[in-house]
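Heads up, the chain shows up twice below as structure tokens, two forms, tagged structure 1 and structure 2.
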Structure 1
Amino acid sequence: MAYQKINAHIRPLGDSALVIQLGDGISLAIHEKVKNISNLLEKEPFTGLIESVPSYNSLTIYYNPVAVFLSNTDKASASPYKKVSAIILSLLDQLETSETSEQRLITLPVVYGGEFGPDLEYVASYHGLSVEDVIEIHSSNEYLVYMIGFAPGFPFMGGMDERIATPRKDSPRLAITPGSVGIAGKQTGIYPLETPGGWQIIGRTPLDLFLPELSPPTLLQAGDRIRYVPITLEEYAVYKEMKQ
């Protein structure tokens, strides 16, 4: 495919990071652009680059402004933010759109509702559905892991049915049990560790998502395709035992 100019909006995230916004909403096409820029930056890092973090439709670039400042030969524009923005824009110019890369399909067992999914009934009543409907809808779609973020190994997945999209809780919970499967707007995801969080919790998986001894240290990675399979409490216990 020919070189194609990419539409992007760059904005600061404080004085040491910036966000490249590549579009709105959750779409595969935008996600591919995010991945391509991330790859290009990894291949051609600029002086002062610390790391980049992809999300659905943007890429956050963390840099050391002092290192950028010192590497700047053009003293007329001393602002590290302006300097990094200029570098990013020139990278975007040489960006090539590429084919969709190959993806893994992973199935994740989940116990829905009850003590493991305290917000399942709220999600159902919010949409005027039965609890069974919500489980059926949530476990029948295939999801794409767009990003890992928030906590080590936390997968943010797109592809969820609008019929069960539910806003975050007004005030985040202080502690969510590891393995909890949640919904926030049109996203679904899983909490790998005990952390505070504002997503609506509908179930729990017995699998470990953060594996610090492995490299990469996560069960799921951006680009994976996911299916949820409802299981019973007994099956959950069997999975947990298998891990021991």
Structure 2
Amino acid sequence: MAYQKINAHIRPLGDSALVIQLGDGISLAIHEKVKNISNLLEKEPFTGLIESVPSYNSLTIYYNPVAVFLSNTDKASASPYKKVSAIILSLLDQLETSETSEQRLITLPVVYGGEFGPDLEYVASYHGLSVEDVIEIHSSNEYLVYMIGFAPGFPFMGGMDERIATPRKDSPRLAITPGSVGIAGKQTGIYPLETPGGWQIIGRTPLDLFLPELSPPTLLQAGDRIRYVPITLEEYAVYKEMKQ
């Protein structure tokens, strides 16, 4: 289903979800539309809505088809998918007048290089830069968390300076230490848990990103703005001690 006004496409994802595609690639303008639709759903949830999950350029909406069906006064003419699609189309009409939500600015301390950033020297040599140049470039940019995924609390961030954008490793590591800060193409992100991974690891933060005892259970949320702040090993140890 196409919505020509803002070049949106709606398609089913199984029998209890649909996807709204608003464009391709990493674009702040497209992602703001994604977030605005998600915000509108949060303010005015329809009967049967379970959750909406934003990504770089699309929004997936999960719903209870039984609840949607029972809430429909004209049960003979509309499937749950068509009913939810009609709701989404009405939200798309509101996009031009909706307000962009306020974004949090969060600073994240990071130790760069050494055993905490085993790929920092590779990233520097790949671009013909010094290690100090890579740290300066990476920590001087502001990044936007476009989505949380892959692992609980893993932030996919855009805004990477192309001077240090580096492809994933040819052979992923089997285990990445939690808190590791990585680069993959024009993205940067942080591993919240020990998992396999192929991103170029350039540093590590002492902060926990997955907090299952809290609600929400992740330190970062889609829409947050992030700045990395270089710290020393001694400062890293202090952060770790403060958590205990």
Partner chain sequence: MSIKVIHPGLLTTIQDLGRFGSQKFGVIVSGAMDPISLRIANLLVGNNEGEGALEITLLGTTLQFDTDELVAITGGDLQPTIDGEKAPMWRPVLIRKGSVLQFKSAINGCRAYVAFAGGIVVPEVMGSKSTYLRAAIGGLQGRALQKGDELDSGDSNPLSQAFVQQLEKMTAHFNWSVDYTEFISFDKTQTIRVLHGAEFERFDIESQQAFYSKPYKLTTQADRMGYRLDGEPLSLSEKFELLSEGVTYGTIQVPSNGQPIILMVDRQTTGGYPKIGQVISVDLPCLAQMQPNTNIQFKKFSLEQAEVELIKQEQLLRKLAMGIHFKALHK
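For clarity, a rigid core is taken as the largest C-alpha set superposing within 1.5 Å between two forms. Start at 1 and count along the sequence of structure 1; that gives the residue numbers used here. The shown structure was predicted, so the numbers you read here are calculated from the model rather than taken from an experiment.
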Between 1 and 2, where do we have the form predicted alone? 2
Comparing between structures 1 and 2 on the rigid core: C-alpha of residue 226 shifted by 2 Å or more? no
Residue 197 C-alpha shift between structures 1 and 2 of 2 Å or more, rigid core reference: no
Does the C-alpha of residue 84 move 2 Å or more between structures 1 and 2 once the rigid core is lined up? yes
Upon rigid core superposition, what is the positional shift of the Cα of residue 22 between structures 1 and 2, expressed in Å to one decimal? 2.7
Taking the rigid core as reference, the Cα of residue 40 travels between structures 1 and 2 a distance in Å of 6.5
